[in-house]
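Below, in structure tokens: the form predicted alone, a single chain.
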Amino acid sequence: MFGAGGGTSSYEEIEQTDLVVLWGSNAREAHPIFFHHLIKGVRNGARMFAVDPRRTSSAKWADVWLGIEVGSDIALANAVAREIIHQGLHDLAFIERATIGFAEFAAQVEPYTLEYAESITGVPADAIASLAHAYAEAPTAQLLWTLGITEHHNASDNVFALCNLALLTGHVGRWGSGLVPLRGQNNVQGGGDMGALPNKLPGFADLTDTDARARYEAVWGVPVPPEPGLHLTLMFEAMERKELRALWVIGENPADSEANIAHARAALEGLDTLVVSDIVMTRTAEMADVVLPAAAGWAETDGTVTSSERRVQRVRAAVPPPGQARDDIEIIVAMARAMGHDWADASAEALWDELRTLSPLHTGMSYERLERENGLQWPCPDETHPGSPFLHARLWADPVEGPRAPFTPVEWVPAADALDDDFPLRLTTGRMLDSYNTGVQSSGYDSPIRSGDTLDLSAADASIHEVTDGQWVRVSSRRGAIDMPVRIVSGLPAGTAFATMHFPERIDVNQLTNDAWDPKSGTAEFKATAIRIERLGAGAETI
């Protein structure tokens, strides 16, 4: 956000804020630990709005649920912004001191009247106005989102639209007010921090910055190419063109997790060499030429993880890795040696200390301090610094310290996979509480609350298609077709269906999903697939 690669707030702030806006996130099931903090905030008196196509178990905690049409988030955000401006509720002093581009932004949102937004989003105009007034008038407010915002072909623009709201109202850079993108796994933030991005060095240094590259080259003793690498989607396109011929997959299962999965599997099968390092035998590992058994990072290795609040915490091995499994560090060092490079053995702490010499965000985070203080939040520039619970306090300095934050005008465009007479239903995908991603770590055990291997429909759509609870249907998109049972649920609007990706061995949902992708982030549009359903014959399986 505004030059920093992480959310702006700490978990403690959600417990003390006045308003929570949960946008495109079923955090109750997808981020249950964080949601405990959110519930504390609600119980402490925070008002809550939930923006989601489904009335999820998270939305049921909200004072107001805005049941938005899938893919119309920018139209809603722009209408909220216009209402705030027209009612004189924007923080003009903050805008003039700390931001740039307000006039252009105000002109761009002008067409997004409450009525126009209602026609696009399906959210009543008075509910949009209620959200606008509540957000602008709250003393403090937390705006949170997850994959419901980012798994779209215009994902980055969705995020910009929400950031614009924070700048418009001054809800960033101070305690209790911030922007919170919840991370989907326990160390997604840490992966980005360590340079697992094609255009960044560890600590989010820009790869094209000559001075930054020079710092890393001095420590690493090798030149760092200035050209950004390929993100995941571009890698698959390069595989298809036969330009990428070998792939090493570490702790990922793209043979199940990619959108338009039949296309992705064909690209993987066309490789000359596929190597997989993982803790379980995933479908991707089954396709590999070589499988390197890895240790489980959360129980069998030493190191650090970084949470959504930018808190770096220590991880310690509780048990030794089984059999031939090895720490990822050992595997990578051994691979380097096999390729002719004289890499010395390295501990997790030694590598962390190397990072601290290069990344100003992490300089003050010694292992000893992380142990003693139960983790620290970056930026932490020296060993006397307490860490940073929230970011961008500089925007409230007078004059502002550093660059002013830019408004980014964005226009709404519809989902890439259009609805029509052949594909009249909108399928959106997501997670359920008891399962994990493609199921390789969770499907091996039973759970009394397990669900998700169904196509969820509203009672209205079930009636239109003459299907009953438990009946099997054929679900088709422009990319493929699968058979799955129906579950009739409340909380789904007519025209919207829902499924999870947790059970690809039984219900291969990503055969349906759309691989149109956001040109800025490379993220595919998992959340907005056009489908049709057909009843299967009387002999079809039922549950």
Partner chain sequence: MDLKIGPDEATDAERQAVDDLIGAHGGATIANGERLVLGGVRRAAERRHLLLPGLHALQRSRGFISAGGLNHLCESLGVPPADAYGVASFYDLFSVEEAPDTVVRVCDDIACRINGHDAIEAALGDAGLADTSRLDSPCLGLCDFGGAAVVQRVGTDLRGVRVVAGPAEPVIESHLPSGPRLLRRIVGSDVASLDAYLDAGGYRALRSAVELGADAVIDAVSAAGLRGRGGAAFPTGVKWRAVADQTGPTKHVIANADESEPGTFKDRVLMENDPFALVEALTVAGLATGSTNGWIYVRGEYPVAVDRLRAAIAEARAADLLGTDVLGAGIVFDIDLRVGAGAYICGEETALFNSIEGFRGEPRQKPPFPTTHGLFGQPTAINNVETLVNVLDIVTDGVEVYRELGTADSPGTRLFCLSGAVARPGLYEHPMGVTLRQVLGAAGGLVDRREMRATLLGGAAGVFVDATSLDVPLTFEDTRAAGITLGSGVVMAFDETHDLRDTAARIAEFFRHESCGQCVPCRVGTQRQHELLAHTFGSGSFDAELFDDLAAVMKDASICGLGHTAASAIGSAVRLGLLT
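If you're wondering where the values come from, they're calculated on a predicted model, not measured in any experiment. Numbering follows the first chain given and starts at 1.
Just so you know, the form predicted in complex with its partner chain exists too; it's not on screen, but the next bit is about it.
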**OP:** Sort through 348-356, 403-411, 152-160, 68-76 and report the only stretch with a non-hydrogen atom within 4.5 Å of its partner chain in the predicted complex.
**Re:** 68-76
**OP:** Check each of 488, 62, 482, 516 and return the one that places a heavy atom within 4.5 angstroms of its partner chain in the predicted complex.
**Re:** 62
Original post:
Does each of 45, 57 and 496 have at least one heavy atom within 4.5 Å of its partner chain in the predicted complex?
Top reply: yes
Original post:
in the predicted complex, does residue 268 have a heavy atom within 4.5 Å of its partner chain?
Top reply: no
Original post:
Though only this chain appears here, would residue 226 touch its partner chain in the predicted complex if you measure heavy atom gaps against 4.5 Å?
Top reply: no
Subject >> Exercise: residue 207 in contact with its partner chain in the predicted complex, heavy atom 4.5 Å >> reply: no
**OP:** Report yes if any heavy atom of residue 121 sits within 4.5 Å of a heavy atom of its partner chain in the predicted complex; otherwise report no.
**Re:** yes
